[in-house]
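There is one chain below, alone, in structure tokens, taken in the form predicted alone.
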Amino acid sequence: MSVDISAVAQQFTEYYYNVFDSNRAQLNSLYREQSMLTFETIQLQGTANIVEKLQSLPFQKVQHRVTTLDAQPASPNGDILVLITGDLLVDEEQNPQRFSQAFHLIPDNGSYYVLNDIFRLNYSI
């Protein structure tokens, strides 16, 4: 049975940002001890360190608006690379910030976990 990579990427992205926007602590199930997050210039490894960083971000309300989503197979083992761009609204801010985020998803017992997560704000020059 072949996997519809685009559908998996879409479902993962919707789930990830819904959870991130409502309760970041619940993202722990998506990471493992070998998972790595690069958030701007900071690199963290391990579930606890990643979730602690995400929970410590200095905003209360957040809303991700995805504008592009691309996915590719990443290995013969079923890994998936996902690249997302979009807008980020935080707290009461009216002007969104542009962001990019890449995920390397690894198959795990009928689901996926995040091995690599790279997040960047995209600033205008």
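Position 1 is the first residue in the sequence shown; the rest follow in order. Please read all numbers here as calculations on a predicted model, not as lab measurements.
Just so it is clear, the following notes concern the form predicted in complex with another copy of the chain, a form of the same protein that is not shown.
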Of 63, 29, 55, 100, the one that lies within 4.5 Å of another copy of the chain in the predicted complex (heavy atoms)
100
Residue 90 versus another copy of the chain, in the predicted complex: is there a non-hydrogen atom within 4.5 Å?
no
Would you classify residue 104 as touching another copy of the chain in the predicted complex, given a 4.5 Å non-hydrogen atom cut-off?
yes
Would you check, heavy atoms only and a 4.5 Å threshold, whether residue 51 touches another copy of the chain in the predicted complex?
no
Taking heavy atoms only, is residue 116 within 4.5 angstroms of another copy of the chain in the predicted complex?
yes
Sequence order please: the residues of 49-88 with a heavy atom within 4.5 Å of another copy of the chain in the predicted complex.
67, 68, 69, 70, 71, 72, 73, 74, 81, 83, 85, 87
